[in-house]
Structures are given as C-alpha cells and as structure tokens.
Ligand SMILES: NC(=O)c1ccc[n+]([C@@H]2O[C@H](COP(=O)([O-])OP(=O)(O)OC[C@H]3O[C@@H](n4cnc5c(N)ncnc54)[C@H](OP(=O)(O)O)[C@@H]3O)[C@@H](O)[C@H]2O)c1
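Take a look at this single chain in structure tokens; it is the form predicted on its own.
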C-alpha cells in the first residue's frame, strides 16, 4: 500500500489506517475474535496505522489491539488517546481530565495494556477547558523526550488550540470526523497546511452509511450509536439513502464500491490525509484497503459534489455530545 506523511515531524504511515473502536463499543455487541482476524488481514494488506483509545472499553480495546498486533508490532504505528475519565455509573457522562498527572498516568497504563515500550502517536481525545493546552503539549513533549511517546496528536479542536499547542510541541496529526457526509473540518485545512499537521478522519464512511449496508435507526440495537445518530432518523435517513444510492451507481461505473469511492474521495482532498475506517469484517477491510488504488478524476469529484455539495443530512451527533471547537 502507498504511504503518506502525517505532518512535518516525520510520522509516516499507510494511506489507509484502521480504527479499532468498533471491536468494543459503538456498534452493537462486540466481536473480538472477528476483529482480531480483521486486524491481521489489515496488516497483510499493508495497513500500518492502528488506532485505539483508553476510553474504548476502558482499556479493553488497547489490550485487544496490543495482543492482536504483537507479532508485527515493530512494523506498524499505534495511536491511542488520553483525556476522559470513566463515568462511575457506567454511562456516557464522562468527565474530561488532561492534567499533566493524568496524562502521565494514562500513558503508563496504555503502555502496559498495549504491551509496548512506546506509543507512536498520543492524542488528546478532547480539549479540557480546565487545563491550559500549553500544559498538555508540554507534558506530551516531556513523554516524547523520555522515549515513551513518538508523536503528539489532537482530536476535535479548532484553530486557536492547534496554534497554541503547536507553539509548544509540534502537533503531528489532528483527528476529527470527516467524510463525504461530514465536511465541517475543511475550515481547518489552511491552518493544518500552514503548521504542517496531518489529518486523520475518523468515521470516514459516515459510521457505516457510506458502505451501502444500512437500515433505519429504529432497527439498530440501543448499544449501537446509529440508533440515535441524527443522520439515521426519519427525514434525514431517506435523503441520505438516496444520496448513497447515487454514489453507489457512480462507484459501480468505475468498477468499485461506494465505500472505496468515499475513501478515495478523502484521499483526494490532500496528501496529508489518512482515514481510519473501522470494521470487524476481514472482507470489508480488504475492500477499504483497495480504496488506496481507486483513483478519482476531476469529473468524478465534480459528480460527487453535485450529489452532496455540502455533506449529508443531519448533524453528526445529538446536541448533548456535539464537540465544540476552540
């Protein structure tokens, strides 16, 4: 698979990465065995960026990923995240904590859970309004100096925090939702280019809507985030489904799938972009990896823009969970 550079600090990874979150949370009952086989298949196909987080199963996803990649750990890059504190009730009312003490605590725990001697890319999962970003960047910088972390990343932040953090420690990557359905992050592209920061879109297939395999919100289990995603609700769902059908026809005319079209569209938006689609299906991961060779010309990009000029219908989160950029 082709490789790409994430930022100007030296991090180089495959053009398509892998998001491990779905092995434990967000998409119904977990399938760890199937996900492990999928991770192995991703590696065989040339994927070298594997993404997890402390919050995904509160350590269980990191343990899973560390075990799954053990045989080829030195050939890949592992990204994980800090910044949330678990809701003691087991719900989603999590608190933010990016204090230097907690960053170090999470880093040490993640190293153990992953079974590694360093974390390749360490993201702040969400900005913490109670901790100056300079303290966050400085702490991760210290971990880099100590050899425990390779590169610093941020997630769901705006231009102000990116600039302030980058002034203390080079930010290698920004991770934010971005896809044919979700375009808000494009406002940050100029500052990413200026500062030499790579971009890692999560949910690059619109949480599965851009795979062509979807159903109305009411038909998903309550443990599945799509059961409450606004894009799956009546009114929005039908409009999005119509758009995906049109995109599918375009993809089929080029000999590919709508998922490959969606990922290739992301790759065409800039050389610093590395999407991390997640799946628990080995066939799906092969399909996703094939997007790296699925070229789109100017006519194709214009056709996609005509179908969805401003993205999909419906917000990416319900109001209570919508991230606010600074």
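Since this is a predicted model, take the numbers as computed values, not measurements. Positions refer to the first chain, counted from 1.
Keep in mind that the form predicted together with the ligand is not shown, yet the notes after this line are about it.
Peer 1: Looking at 119, 106, 173, 205, which has any heavy atom no more than 4.5 Å from the ligand in the predicted bound form?
Peer 2: Selected residue: 205.
Peer 1: Taking the ligand as it sits in the predicted bound form, is residue 62 in contact with it (heavy atom to heavy atom, 4.5 Å or less)?
Peer 2: So residue 62 does not count as contacting the ligand.
Peer 1: I'd like to know whether residue 42 contacts the ligand in the predicted bound form, with contact meaning heavy atoms within 4.5 angstroms.
Peer 2: Because no heavy atom of residue 42 falls inside 4.5 Å of the ligand in the predicted bound form, the answer is no.
Peer 1: I'd like to check something about residue 287: if you look in the predicted bound form, is any of its heavy atoms closer than or equal to 4.5 Å to a heavy atom of the ligand?
Peer 2: Although the ligand is absent here, residue 287 would touch it in the predicted bound form, with heavy atoms inside 4.5 Å.
Peer 1: Report yes if any heavy atom of residue 155 sits within 4.5 Å of a heavy atom of the ligand in the predicted bound form; otherwise report no.
Peer 2: Looking in the predicted bound form, residue contacts with the ligand include residue 155, since a heavy atom lies within 4.5 Å.
Peer 1: Among 164-172, 191-199, 119-127, 241-249, which stretch sits within 4.5 Å of the ligand in the predicted bound form, heavy atoms only?
Peer 2: Checking each option against the 4.5 Å cut-off leaves 119-127.
Peer 1: Between the ligand and 21, 56 and 279, in the predicted bound form, does every residue show a non-hydrogen atom at 4.5 Å or closer?
Peer 2: Contact check passed for all of 21, 56 and 279.
Peer 1: Out of 65-82, which residues reach within 4.5 Å of the ligand in the predicted bound form, heavy atoms considered?
Peer 2: Read in sequence order, the lone residue that approaches the ligand (within 4.5 Å, in the predicted bound form) is 81.
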